[in-house]
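Here we start with a single chain on its own, the form predicted on its own, put down as structure tokens.
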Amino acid sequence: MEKEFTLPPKPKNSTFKLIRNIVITVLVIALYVWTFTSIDIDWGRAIERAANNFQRVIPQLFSPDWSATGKVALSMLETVFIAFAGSLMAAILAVPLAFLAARNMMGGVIISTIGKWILSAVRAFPDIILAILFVVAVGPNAFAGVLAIAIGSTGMLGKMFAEILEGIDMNVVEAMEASGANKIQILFHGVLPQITPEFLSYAIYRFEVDIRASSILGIVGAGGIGTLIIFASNNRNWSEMGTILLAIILVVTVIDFASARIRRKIV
């Protein structure tokens, strides 16, 4: 006699999940509606003004001022150097903080928790805020941008490096300890070979991010092409702005492509 096939019973909480999802969706929609309706603005006039600005600005953006190519290229080169120097400093500073935050390296919860708190505190400040602080401290120059990128990237790289350290194969470390290896030997022969490829990969990826970040730091006086952006914006020179945007797009695209190739070979 063939056994009758029956569908498994539906979970008892499926109705509750459906109601919960509907309520959350309705609340989100209501929040959006309330947000836009509570703004005291003449939407018709605002849309008309935006349309007029687009009609005036967009054609000039797509007609770059090629006479500004020289100064744009120099500023873009300065931006790349700011990002490179800041990323290099961040990669160096992040290594000891990562070891401090990695629980399996410090051997205690308290020390690793302190390390994680330090990294969280460093990550709390946006690059633009750090740039303003360093412009006040060292003056409006590229060095302020390098310091802002370095400190801002240290927190994120330290967090990534700590996660890599916590994921290494500790059997290698324990085997070396059992064979009588000292701490230095374990570090150079048991830990570093496991973490170096991923450390380099994350550092290169962070350099990609810092290229974008350093492009706007000049707006607050921290050097780079951001200085030209603010000047072109204040002077309503949208053709020069188009040249600047084109330079940023080209440089970011080339660096993204090159770094992706390098990271694939490393990892």
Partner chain sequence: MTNEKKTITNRDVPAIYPVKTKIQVSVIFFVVLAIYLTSMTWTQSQMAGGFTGALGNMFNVMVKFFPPNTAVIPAVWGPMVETIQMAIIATTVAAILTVPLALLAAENVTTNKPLYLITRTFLNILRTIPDLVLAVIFVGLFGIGLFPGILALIIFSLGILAKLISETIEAVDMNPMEAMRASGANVFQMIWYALIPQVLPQYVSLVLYVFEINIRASVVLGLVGAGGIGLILNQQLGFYNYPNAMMIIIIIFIVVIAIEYISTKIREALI
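Positions refer to the first chain, counted from 1. If you superpose the two forms and keep the largest set of C-alpha atoms that fall within 1.5 Å, you have the rigid core. Source: prediction; values computed, not measured.
The same protein also has a form predicted in complex with its partner chain, omitted here; what follows describes it.
Asker: Should the three residues Ile110, Leu157 and Val191 be counted as contacting its partner chain in the predicted bound form, with contact defined as a heavy atom within 4.5 Å for each?
Answerer: Answer is no for this spot.
Asker: Work out which of the listed stretches, 137-145, 95-103, 179-187, 163-171, brings a heavy atom within 4.5 angstroms of its partner chain in the predicted bound form.
Answerer: Going by heavy atoms within 4.5 Å, the stretch is 137-145.
Asker: So in the predicted bound form, does any heavy atom of Ser233 sit within 4.5 Å of its partner chain?
Answerer: Yes.
Asker: With a 4.5 Å heavy atom cut-off, would you call Trp66 a contact of its partner chain in the predicted bound form?
Answerer: No, no contact at 4.5 Å.
Asker: Closest heavy atom of Ile149 to its partner chain in the predicted bound form, within 4.5 Å or not?
Answerer: No.
Asker: Taking its partner chain as it sits in the predicted bound form, is Ile22 in contact with it (heavy atom to heavy atom, 4.5 Å or less)?
Answerer: Result no; Ile22 lies far from its partner chain in the predicted bound form.
Asker: Does any residue in 109-140 get within 4.5 Å of its partner chain in the predicted bound form, counting heavy atoms only, and if so which ones?
Answerer: The stretch touches the partner through Ala121, Arg123, Ala124, Phe125, Pro126, Ile128, Ile129, Ile132, Leu133, Phe134, Val136, Ala137, Val138.
Asker: With both forms fitted on the core, check whether the Cα of Thr35 differs by 2 Å or more between the shown form and the other one.
Answerer: Yes.
Asker: I want to check Trp66: does it shift between the shown form and the other one by 2 Å or more at the Cα, with the core superposed?
Answerer: Comparing forms between the shown form and the other one, the Trp66 CA shifts below 2 Å.
Asker: Determine whether the C-alpha of Thr253 shifts by 2 Å or more between the shown form and the other one once the rigid core is superposed.
Answerer: No, Thr253 moves less than 2 Å.
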